[in-house]
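Take a look at this single chain in structure tokens; it is the form predicted on its own.
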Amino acid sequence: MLRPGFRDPVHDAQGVFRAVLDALARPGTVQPLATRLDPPAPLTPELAAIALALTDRDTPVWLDSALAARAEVAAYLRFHTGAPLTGDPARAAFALVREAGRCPPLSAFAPGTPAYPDTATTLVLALDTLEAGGGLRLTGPGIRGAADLALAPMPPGWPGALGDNRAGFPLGVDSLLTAPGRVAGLPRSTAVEG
């Protein structure tokens, strides 16, 4: 049985979009992400909400192995978003990662092109912990001075991979970090020290 999507598609999607926009505009801040979704496991309500709000038939989505292993997840996303699923992370507009500790290297995803840097992949990670303070030290556009962000589990090779990602600016992958009821953004322009 297919599980329902947003109860109020327009207003729920607008709320998620606003939280994501605030998270990317103010890297290092943790924004509330209100979801009333019950997607098929192991898709989290936060991953589902971002996919439902930001993807459509023109935005290919890549699923990590935990999500791709469940046919119900693919059916849910196809029905509610119309987004095509791709097995190639370099062809994805959005990449949904349930197991952050097993996330592929950032170099596996599309960095965009000099003419179209906006064609880069947006990586959306599900985490157990996401809090302001401790962990990573962030500087750059949208951050007054510096911000600290604690997250777990951390993908392999971070923060070095984020430093390499930033070095290619304006190309590079943008990241959305989610945990129960919250989201934070790490745009490619953010400098990260760990």
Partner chain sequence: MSEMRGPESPYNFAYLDEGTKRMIRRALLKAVAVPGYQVPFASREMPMPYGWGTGGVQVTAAILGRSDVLKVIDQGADDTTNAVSIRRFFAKTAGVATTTRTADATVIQTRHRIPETALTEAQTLVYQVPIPEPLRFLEPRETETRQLHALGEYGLMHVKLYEDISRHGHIATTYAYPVEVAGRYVMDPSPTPKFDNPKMDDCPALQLFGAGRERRIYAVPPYTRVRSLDFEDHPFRVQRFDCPCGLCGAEGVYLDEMLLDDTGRRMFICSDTDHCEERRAAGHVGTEGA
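A quick note: this is a predicted structure, and the numbers were derived from the prediction, not measured. Numbering follows the first chain given and starts at 1.
Quick note: we don't show the form predicted together with its partner chain, though the next part is all about it.
- Its partner chain in the predicted bound form is not approached by P32, whose heavy atoms all lie more than 4.5 angstroms from it.
- At the 4.5 Å threshold, heavy atoms of Y76 stay clear of its partner chain in the predicted bound form, well away from it.
- In the predicted bound form, its partner chain stays beyond 4.5 Å of every heavy atom belonging to G133.
- Contact check for P141: a non-hydrogen atom falls within 4.5 Å of its partner chain in the predicted bound form.
- Annotated contact segment (heavy atom within 4.5 Å of its partner chain in the predicted bound form): 46-54, selected among 148-156, 124-132, 63-71, 46-54.
- Taken together, the three residues L21, F94 and P117 all lie with some non-hydrogen atom within 4.5 angstroms of its partner chain in the predicted bound form.
- For the stretch 150-164, the set of residues having any non-hydrogen atom within 4.5 angstroms of its partner chain in the predicted bound form is empty.
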